[in-house]
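Below are two forms of the same protein chain, given as structure tokens: structure 1, then structure 2.
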Structure 1
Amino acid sequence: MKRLLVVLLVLTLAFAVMGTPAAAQKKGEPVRIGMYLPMTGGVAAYGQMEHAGVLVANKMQPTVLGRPIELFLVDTKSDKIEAANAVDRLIKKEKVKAIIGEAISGNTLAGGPIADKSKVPMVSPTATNPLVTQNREYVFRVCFIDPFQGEMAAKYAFDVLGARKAAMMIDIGQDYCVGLGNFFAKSFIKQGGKIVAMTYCQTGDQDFTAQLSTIMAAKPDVLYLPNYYTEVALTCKQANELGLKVPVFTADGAQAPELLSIGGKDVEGVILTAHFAKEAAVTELSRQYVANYEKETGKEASGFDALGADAYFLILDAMTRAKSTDGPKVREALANTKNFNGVSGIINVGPDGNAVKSLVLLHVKDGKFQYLATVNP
């Protein structure tokens, strides 16, 4: 009896496995979507988070136009040359209809022209450099851009915090930090504020007391740190030791659990601009996604994976509206995305390829990131 049960079970399983491709073929050829992401190398963490987000999204919505979706992942090793190779490979060898990637701007800049040339739409989850979509017909993104983030941070500091004098410390070893810092400074001055102290550090620095002394002497109303979480956490620790009592403002690069674990009590009250917050999940899709993501991975959903999922959902939405997987038609649909209810909020995409969407403000309270406000463009 037992043996019979086992045999039956195996047989049903076998049929179930065989059944899927047969059923899929009836519905039509799979739609191939490529991903080129940094799964290894310097920024592997971003690529892996985004990949996880896309996979969860794919489980939630595995078909488009009645056809199953087949995902292809190509690793870029966090490198430009490999990123260009990867896009050519996805288009020429795997014949994908749309591409998700890359996680960082420099690599998306390398992949973009190839997508343009082959007329394959590309959606980047997190490339925030404004040049990425400039003059690129087929390149889109679901994140906001650095000038927007810098401008909104400057506005918030000026209007809500009432700051007139800002001090800054920029990590000059990171392109993201230098870029964002510049955009913030430009906007803050335009608002009528003044940058009273501009100091610099390098990734991996441990001691910021010299810069903080300069900042203290300048008596700022706010300290803006457009840096990654490690440097931000250490800066906050030393600022507290020195007795610098001004609000610390940082950005999406600091939205990591490590900020809390390294910074501890000293990062309490830190304000940051971010792409996504679980608490600010405004759409039905984001609520479903957050639940699914936690069920699948056992981890909390964060900005990177949410934006990875958004890139996937946006492509599917465009294909559905275009009623086709044809490159130019999907591109048309993407360029006319109006009020798309994505995971990270309501997304509008214009012909310039940039997402117009709201930004969330978080602050650290009781050792956790907590939702503060949503800022609309």
Structure 2
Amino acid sequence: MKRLLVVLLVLTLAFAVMGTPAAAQKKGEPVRIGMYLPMTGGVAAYGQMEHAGVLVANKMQPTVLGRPIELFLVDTKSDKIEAANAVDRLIKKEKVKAIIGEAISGNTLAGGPIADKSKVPMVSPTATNPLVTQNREYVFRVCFIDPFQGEMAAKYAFDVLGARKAAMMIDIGQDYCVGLGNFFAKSFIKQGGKIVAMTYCQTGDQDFTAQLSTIMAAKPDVLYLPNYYTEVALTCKQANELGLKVPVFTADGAQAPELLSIGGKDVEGVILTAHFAKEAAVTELSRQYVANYEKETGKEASGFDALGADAYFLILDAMTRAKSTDGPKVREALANTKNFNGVSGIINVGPDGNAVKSLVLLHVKDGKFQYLATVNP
């Protein structure tokens, strides 16, 4: 009996000693968070800004649940297939607990189903197409959705600009552009306006003379361009060259420094619906973030970097409330986010994964994006 007790005591001590390092490692091991963003390619500006925002946010809050955070970045190269492969790699190879991305709707639609199937929560900073979260339990966003910004743009054009006839040019190669254009058109017609010219282009096009000639012939009161920054800037340059003198309205996809550098004086006066302006910062986190971002980068905080930070902060907030990094528990916490004081404002997330939040109206003045107003949902 004594021998048996001694053997049991030795085994107990052995298991305790063996278990201690593992337990300590688990307690202090990093929480892996993945990012899949377009760091190169046609919309690289978005990915670069969002990545910069995440890095600043990570410096501000480098731990969660008492554990350090380890970030993994995969470049989607602005491509849908690369986006899907990136999510697969982050989940299977890097073993991430949550994913930030993608920046644009088409690429998020490619990556979302993989995260959903694997039960890994994904938060997109800026994918605004409603389809992104549709029937996706594990896909969320921290930005508003296109029906809201399309409606607000139409309302501003009708009520404030006094426009009754609108012309449009839509990039048919991008889900975001097609969806947003349709939402604007429906809302503008509902307001009492008329779409007098509907033209199309493709990502990468350089010459918009034919479309602009059609638009000029229709004599619109406003030109709506629900496209990305390069196409918007080039369209504005060519519109001025052809003598088309009407207000130009665009959207969040144009809020990038490249719009200003490519468009120059030709984008002066352009109005856009956007996600963030530091003049409209309403939370303490926003003020802290703006100060940290400008100190770290030497640049002014903008919509895309702010939303990159918000995606990061929201994931950490959900893990903290869930007291876990387990996918289903974090998903539940994300779905029940209420009154989160984010960088871009107060964020509420419903079970559909969509953020309910305000937008800001900006215009280009003196070569800069300048704040006009805040519009609440």
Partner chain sequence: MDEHHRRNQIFSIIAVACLFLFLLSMHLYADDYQIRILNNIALFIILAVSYNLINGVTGQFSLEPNAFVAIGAYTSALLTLTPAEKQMAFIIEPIIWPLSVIHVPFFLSLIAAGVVTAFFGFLMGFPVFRVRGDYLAIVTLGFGEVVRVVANNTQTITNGPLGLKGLANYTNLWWSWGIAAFTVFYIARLVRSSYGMAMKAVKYDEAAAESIGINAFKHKMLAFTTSAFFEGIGGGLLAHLITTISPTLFTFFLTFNLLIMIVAGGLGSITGSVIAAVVITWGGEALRVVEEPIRLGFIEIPGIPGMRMVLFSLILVLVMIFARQGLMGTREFTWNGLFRKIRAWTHRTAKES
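The term rigid core refers to the maximal set of C-alpha atoms that superpose within 1.5 Å between the two forms. None of these values were measured; they are calculated from a predicted model. Throughout, residue numbering runs from 1 along the sequence of structure 1.
Q: Between the first and the second structure, which is the form predicted on its own?
A: Pick structure 2 here.
Q: Taking the rigid core as reference, does Ala166 move its C-alpha 2 Å or further between structures 1 and 2?
A: Indeed, Ala166 is displaced by 2 Å or more.
Q: If the two forms are fitted on the core, does Val222 show a Cα displacement reaching 2 angstroms between structures 1 and 2?
A: Comparing forms between structures 1 and 2, the Val222 CA shifts at least 2 Å.
Q: Can we say the CA of Gln211 moves by at least 2 Å between structures 1 and 2 when the core is superposed?
A: Moves: yes, 2 Å or greater.
Q: Give the C-alpha shift of Ala239 between structures 1 and 2, in Å, after superposing the two forms on their rigid core.
A: For Ala239, the alpha-carbon shift amounts to 8.0 Å.
Q: Please give the CA displacement of Gly192 between structures 1 and 2, in Å, after core superposition.
A: So the C-alpha of this residue moves 4.1 Å.
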